[in-house]
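Single chain ahead, written as structure tokens, the form predicted on its own.
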């Protein structure tokens, strides 16, 4: 029982991490209707920013996390203002080809600047090891991930549903011309949303570096995971990707622990079963926009 509960907690932590990594894509794809396959490149950028600050410059780990968010958001808004904004009205095929090109460019650039070796971030002693809770071994770092990602999820849901900015974003996506007529600065709303999604990706990349490792091929290796989360959860809300992340994280950890030979296939099996049951995802809209 203790082993089951430990694996369950590790799966929840992994699922939370997947959600923070993928929720930026859920925002840009589901709320902005823009297919950004270069999302993993912003996660990689945040991870390397945090790694350089902590490992090379002696910054505290919790001081590097906010800068990973800010650095990735700045890169995102710079690319959005210069490149991405011209593709909002283009077809999804154009968006896919453009963003996948950015992925390969980022892989080559990081490999040239940082090298191809895998990088891990030095953790403070307080986050190392485990704590025993009712006989269940809980990793301190994974517990921190659950707390941080849970708070981020709650804050993101409140922002999108309860604030004026969330309503402006939904109006800008559903009918940009009407939104402009109502005085909403649609380009500014899109730029801020895109930057915020990139910042979340960068924060997720920094948090995941210790668990997943960080190398120039990070965007390519985990692109499929981001797409699975958004596809299974549905791209019309944040709740769907969040529940999908938890489900897939638990299934992936359990599969690799109990059936190690078939572990890598479990997450794809779960995806296929869910999409056969609900082709538009758990919380997807029944009709395309």
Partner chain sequence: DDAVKIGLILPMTGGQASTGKQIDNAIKLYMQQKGDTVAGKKIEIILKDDAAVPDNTKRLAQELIVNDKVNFIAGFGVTPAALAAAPLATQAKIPEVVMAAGTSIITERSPYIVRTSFTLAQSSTIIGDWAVKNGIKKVATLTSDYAPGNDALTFFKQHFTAGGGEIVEEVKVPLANPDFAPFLQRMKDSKPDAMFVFVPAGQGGNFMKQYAERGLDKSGIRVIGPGDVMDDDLLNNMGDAALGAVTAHLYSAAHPSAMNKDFVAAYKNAFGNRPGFMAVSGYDGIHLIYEALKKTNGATDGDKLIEAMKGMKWESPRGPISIDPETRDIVQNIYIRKVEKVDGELYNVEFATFEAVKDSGKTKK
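Residue numbers count along the first chain shown, from 1. The shown structure was predicted, so the numbers you read here are calculated from the model rather than taken from an experiment.
The discussion below concerns the form predicted together with its partner chain, not included here.
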Contact flag, residue 88 vs its partner chain in the model of the complex, heavy atom cut 4.5 Å: no
Any non-hydrogen atom of residue 196 within 4.5 angstroms of its partner chain in the model of the complex: no
Contact test in the model of the complex: residue 222 vs its partner chain, heavy atoms, 4.5 Å: yes
Please check if residue 139 has a heavy atom lying within 4.5 Å of any heavy atom of its partner chain in the model of the complex. yes
Here the chain appears without its partner; judged in the model of the complex, the stretch of 146-154, 197-205, 68-76, 110-118 with heavy atoms within 4.5 Å of its partner chain is 110-118
Interface residues of 10-29 toward its partner chain, as seen in the model of the complex [heavy atoms, 4.5 Å]: 10, 14
